[in-house]
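Heads up, the chain below is alone and in the form predicted on its own; it's given as structure tokens.
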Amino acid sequence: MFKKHFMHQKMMTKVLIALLPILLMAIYQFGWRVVLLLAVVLVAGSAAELFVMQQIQKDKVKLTEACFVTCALFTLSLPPATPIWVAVVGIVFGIVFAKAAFGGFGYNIFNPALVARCFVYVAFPTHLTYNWTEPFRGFPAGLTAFSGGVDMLTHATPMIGMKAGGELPPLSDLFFGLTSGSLGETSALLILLAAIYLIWTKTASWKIMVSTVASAGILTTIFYLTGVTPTPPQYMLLSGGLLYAAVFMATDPVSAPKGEEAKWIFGVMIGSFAVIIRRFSLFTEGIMFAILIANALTPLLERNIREWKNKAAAKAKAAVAAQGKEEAAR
């Protein structure tokens, strides 16, 4: 009975497997409220997709596993203390306007999880820019707690602190996940391990991951060496959700480009845009806006590359034909 109303997708299952250690780390850091937040988002997102797609298709609609991935990615992109009602509003907006409105899975040009995150960030900025929760430290940490509580609130993530010119946290804290931040972005180690798994199982494009991180690192290094920014590049790469977004958001198989050349350019655009937005705008969420901008440019990018290839092929064909005529004339 369940199979009649649910579409299993092997690729999405692998993404969920890659997210599982990150989810467990979030529970360890911030308590079991993470599970409640995820459960509510899953229910709200699934209900929104089923209801809206039923209105659009007017026939039997199946819930896709991609919806679960969207809900998980969105939840792990939120701060630990995000109110549940804010998360519900965000996921419903993302599912309805970034996915269902385009025709459902396979037709959306924007990553639904990022659209949901962006909507919440713009509509309810207080909940996503202030009152960040300090993670538990030492075993059993958050495994015996529901949430951090009011007495554990801080007013800056590493990214926000660096943007304001504050003290830099130890690199080891950023690498292992001992800092405040969104639920899924704090542990660079687990994100890198997830990236290896996704690449090994051919689930996500390594070209997009590498080009995104490399371009961000190169541009940040240039800014650092020329005095444009006082923050060393390693801190910029390990904070602000850049790795999390590069591994899980930028590589979305629907909204990312399909061509191999386009994947490299797509990643370079994301990494460059993220650094520029971080440095020269009021927003610290550079990677989120960078991916959405690149998503919007993807159809144009792929069309131009396709036209360039066609012209190059036609030119090569004409050259071969001309050479053949010369040889025949001799």
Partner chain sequence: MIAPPISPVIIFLASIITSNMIFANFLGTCSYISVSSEFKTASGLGKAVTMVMVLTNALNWLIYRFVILPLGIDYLRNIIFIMVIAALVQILEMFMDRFLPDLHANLGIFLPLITVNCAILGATLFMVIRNYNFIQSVLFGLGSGIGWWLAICMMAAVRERMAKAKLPPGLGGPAIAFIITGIMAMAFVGFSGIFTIQ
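Keep in mind the model is a prediction, meaning the values are calculated, not measured. Positions refer to the first chain, counted from 1.
In what follows, reference is made to the form predicted in complex with its partner chain, a form of this protein that is not presented.
The contact with its partner chain in the predicted bound form, taken as any heavy atom within 4.5 Å, belongs to Phe119 out of Phe136, Phe119, Trp206, Phe223. The partner is absent here; in the predicted bound form, the one residue of Ile196, Leu171, Ile84, Ile109 having a heavy atom within 4.5 Å of its partner chain is Ile109. At the 4.5 Å threshold, heavy atoms of Leu292 reach its partner chain in the predicted bound form. Although the partner is absent from this view, Glu302 contacts its partner chain in the predicted bound form, with a non-hydrogen atom inside 4.5 angstroms. Contact between Leu36 and its partner chain in the predicted bound form is not found at the 4.5 Å heavy atom cutoff. In the predicted bound form, its partner chain stays beyond 4.5 Å of every heavy atom belonging to Tyr235. With its partner chain omitted here, the record of contacts in the predicted bound form names 93-101 of 68-76, 177-185, 93-101, 209-217, defined by a heavy atom within 4.5 Å. Relative to its partner chain in the predicted bound form, residues Val52, Val115 and Ile276 are all within 4.5 Å by at least one heavy atom.
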